[in-house]
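We've got the same protein chain twice here, in two forms, each standing alone as structure tokens: structure 1 and structure 2.
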Structure 1
Amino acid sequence: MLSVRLLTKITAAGSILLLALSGCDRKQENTDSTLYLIGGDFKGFDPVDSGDTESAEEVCRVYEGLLEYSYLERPYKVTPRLAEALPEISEDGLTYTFRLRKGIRFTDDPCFPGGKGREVTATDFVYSFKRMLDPRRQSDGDWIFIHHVLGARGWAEKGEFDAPLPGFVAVDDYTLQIKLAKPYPQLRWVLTMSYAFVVPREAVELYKKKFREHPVGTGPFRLKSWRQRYRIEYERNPSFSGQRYPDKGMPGDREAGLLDDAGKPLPIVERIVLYDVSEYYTFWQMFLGGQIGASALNKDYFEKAVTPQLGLSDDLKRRGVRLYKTPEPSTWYIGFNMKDTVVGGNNPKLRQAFACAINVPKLCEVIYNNRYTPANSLIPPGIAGHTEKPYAYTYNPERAKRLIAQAGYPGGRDKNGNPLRLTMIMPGAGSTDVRQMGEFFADHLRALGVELVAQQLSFAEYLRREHDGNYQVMYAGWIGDYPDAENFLNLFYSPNKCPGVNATNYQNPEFDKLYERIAIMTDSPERTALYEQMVDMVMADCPWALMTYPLTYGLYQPWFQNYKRHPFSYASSKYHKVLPH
């Protein structure tokens, strides 16, 4: 997600496109309060399986958790959602007590008697948290609890779902306690993630394997219809709990109109319609024709919209179009499966050769229009622990040739003279951008005598292969789930290996010891110094060949309102507004 959102992973094709399409003839004023979006290539609506940005975004429309982020305030601030207030924390920091808001109801659904949704209780949270830890679910989000919550690991190993789990206690209908085995400073952050959202047991047991297609939540919207690979439609949830648009923001928010709707009931739009469409040319023509309210920027059209000085073109300015540029707290990389007999194990020189063979500045120029910058650390800028230390494996073809020879593949051939052939999975089936990127990587590896085959997969298939560890090399990105470098370092903690978030199956006992140390520390110079030490340790083993840090660009028409990019929250659509146009 999702970290999430969440631990979150994103596709190489770019950002989700937010659209506000006219529901009537373009010559007439559109007063339809409908938000149209492009996306839909996601796994489904099950919170325990929402570790990618597409799935997290859809889950956040229909489900909610105890806590969420303040939409407008910066620095990033956690606020209550289904909890009445932030938790009461015991003196030893090991017990968090939440008081639930009364009157929160699951939406109406046939899973309930008479089809009427019932009130959410603390028992529902205990059930939802245990379900996410259930090894039969193979959730890639179990890391948020499994190493921290009292008794979680023993309960999961025992495999008896209805057995008590001492770390989750429903004191009464409206009081929930989370008990920890050790301090967990990140608990508030992770409880904002879609993994920790509440679901009703009745729906899980009625719909069984089809539960991911039948969301039953408390969120601002409910699913009206879903034609997979084509169209999803949401409608306002009539039983939504009466949340209102925020009245607090940052300097400049009021001037930008972001507080004009302060105090108004949420959600603001009546409907959301999401289309699963991949052809960018169509989006661009619709945007120029005034039919589309917002769009990300494909690299082939970037120069049509953005000047060499990275400002908005005069033509789009005249139309009233707005440009936003937002740094993403994310790192893109090429990952190596450390269990693979060729690229994995104790042969870092092959992985280092791969890294040195890629001209990342050229990648930023020809593939990303210089929207991205070369990465130098696992931890992206803006997160404590990031340093400006030069990357250890910058583009150097001669060094790459020496390293691959030292790895046992001189000239890219094994001891029998056979050429080295590697396979890399990439998300984005049918995407021209992804195909060009795969060709870019293959061309650079060919200079070493290595044959690289890039497989373009649908996002769902890519995530399945990554989840199962069924790949050799992968192109991937990690968006921070919360503003703490620990969230990036847990990707290398060996207990999190596949099907967990340690998708490269990296194992280093010394790293694990340091991770277990920093995981219970609060922010301090000592912890930041340990972060830097851990980064150096991973860089030497090179399970990742670092690629880029992204800067996200998007275009918005004047009638698409209340948009403020939040890198850690995916529950923003309830704040958006479509003006008559």
Structure 2
Amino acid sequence: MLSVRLLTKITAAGSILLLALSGCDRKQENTDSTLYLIGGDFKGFDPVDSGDTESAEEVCRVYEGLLEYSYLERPYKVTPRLAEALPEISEDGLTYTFRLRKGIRFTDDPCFPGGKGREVTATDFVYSFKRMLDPRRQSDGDWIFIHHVLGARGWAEKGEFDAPLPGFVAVDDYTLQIKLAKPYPQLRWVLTMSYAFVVPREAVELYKKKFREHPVGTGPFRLKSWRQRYRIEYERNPSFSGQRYPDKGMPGDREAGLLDDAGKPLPIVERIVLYDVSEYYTFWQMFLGGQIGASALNKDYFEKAVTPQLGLSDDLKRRGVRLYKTPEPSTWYIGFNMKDTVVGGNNPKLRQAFACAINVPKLCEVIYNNRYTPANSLIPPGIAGHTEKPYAYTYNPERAKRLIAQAGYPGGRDKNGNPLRLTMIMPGAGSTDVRQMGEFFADHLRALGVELVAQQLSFAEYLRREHDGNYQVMYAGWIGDYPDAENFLNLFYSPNKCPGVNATNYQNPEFDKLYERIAIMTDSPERTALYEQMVDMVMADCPWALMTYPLTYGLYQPWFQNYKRHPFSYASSKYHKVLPH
């Protein structure tokens, strides 16, 4: 859920996430069936260690799991991948039975007898899940199972790998059962994540520490060569089993040409070549030069490509370039440490005053060129539980002044008459945008008589301070891991307090009770109503001053096809197509 992925995205907030390149490596042949991409630095091909977006994306090219997201359908929907169908769920919601597809093979690799990839069985899933929970692997993804799967915590504490884990049962070669200690409707979402992908035991045992450089998966591609921090080459995995391009989409997809390849075998491109380039200027030149198929837009280049009316600039229009705009399932906020003696505690007035003092629409304009929109709920749009109800603490300097006086700091002064001084930690040492944002907040609080000191920290330091709850105020963001409000509400559940994901140390027994109820409910109007009630509860206490919802803007070339951004799925490259150009 949190942070590794979150923080990579924070880093990417000003830079880029995904760029697809095509066609211009003149030395290569078959340019039209090769997808050229640009990626960032990533950790390697080990599903258990793929918490950041860059690693998740590479892992998803070579490995697969039981379930995946439907590429075109919205709202986000889970479909079976290595499972034959969605799981059968027992009456009590505690047993999930998966029937595996027959004939799925790992790609050929010297780790198998005779070098020929063998068939995937239920035992492989049990092995892979246990491997992810193994404390020696220190996977940051263990949260997807450890709280819910029967006996998972006990097994992990015991630390004997071959001891049975009662929650994962290989009934026969093609039947896998996951048994839960308590209902966990989010299981279907987390099973799409790269942490839950299947790996062969033979490869792990043969390559040991080098396993991260030797992926042996069932995915659409297989690794041909990897030169770290320079170039990765993938080729089509010959044993990839018969997945076809979807024939169902949303209204508008057909017109956008997204269904032209319906029914075609995947992957569509033969080869992927990925270069590690970290300078945005280089990407931009490559995009203009027609080498890159798609590019997210960073702040510096936004004004060059997009008009003030948020349309595409004439120059790019002439080139046939198209603009895409998708909301990201994330919320940015200013978090208050509820354990802090000044901003924390049961008196929400000071926090509310803080929230009312900040002109968020102006923030969007000045810092984000209106690429972000003001947030009105903890839960971002596109996720059940989000409402259009206006935010309770919109910018209102007069109200902020009244509130801060009621909080016991009239005119922003403390009892000794000194200006109240608050310290805010922000991720991104050395980033111009973050510094300007810090100045922006400080300027607004100064109008309230409060002195805000913005500390720009390195990510590692910021993470540690957040994790330890060692801060007063923080600027932070949460990026949803799956399209369920529960993923946002668990940030306020008191057993998750620091060092857990509840980084504000929010505690409200009533909220906890409701959370325990919704966490095991399946999607229903009743659950949505509870979500809204819980959001209101948190809003009243104001541990977060809501800031923004990001929108991703990007560009793609006319010859780069089948591109539809999916904020939760990292496995899109098998659908992409490159036309000769």
Partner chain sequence: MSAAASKPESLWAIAWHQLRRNRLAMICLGILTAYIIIWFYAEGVFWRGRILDKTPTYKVAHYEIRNLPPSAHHWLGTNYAGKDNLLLVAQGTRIAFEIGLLTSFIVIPLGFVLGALAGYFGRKTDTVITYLFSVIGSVPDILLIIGIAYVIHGVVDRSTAMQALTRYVDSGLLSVCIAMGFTGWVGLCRLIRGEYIKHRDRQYVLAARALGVGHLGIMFRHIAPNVLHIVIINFSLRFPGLILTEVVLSFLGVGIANEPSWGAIINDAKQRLWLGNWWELAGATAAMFFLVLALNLFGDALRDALDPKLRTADTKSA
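If you're wondering where the values come from, they're calculated on a predicted model, not measured in any experiment. All residue numbers here refer to structure 1's sequence, counted from 1. Under this definition, the rigid core comprises the largest set of C-alpha atoms superposing within 1.5 Å between the forms.
>> Just verifying the output here: the form predicted in complex with its partner chain should be either structure 1 or structure 2. Which one is it?
In response: It is the second structure (the form predicted in complex with its partner chain) rather than the first.
> Hinge check: of 327, 414, 518, 287, which sits where one rigid part gives way to the other between structures 1 and 2?
Replying inline: Residue at the hinge, from the list: 327.
> Smaller rigid part versus larger: rotation angle between structures 1 and 2, in whole degrees?
Replying inline: Rotation of the smaller rigid body relative to the larger: 26 degrees.
> To one decimal place, what C-alpha displacement in Å is found for residue 331 between structures 1 and 2 with the rigid core superposed?
Replying inline: Comparing between structures 1 and 2 after core fitting, residue 331 shifts 3.8 Å at its C-alpha.
>> Fitting the two forms on their rigid core, what distance in Å separates the Cα positions of residue 529 between structures 1 and 2?
In response: Here residue 529 registers a C-alpha shift of 7.5 Å.
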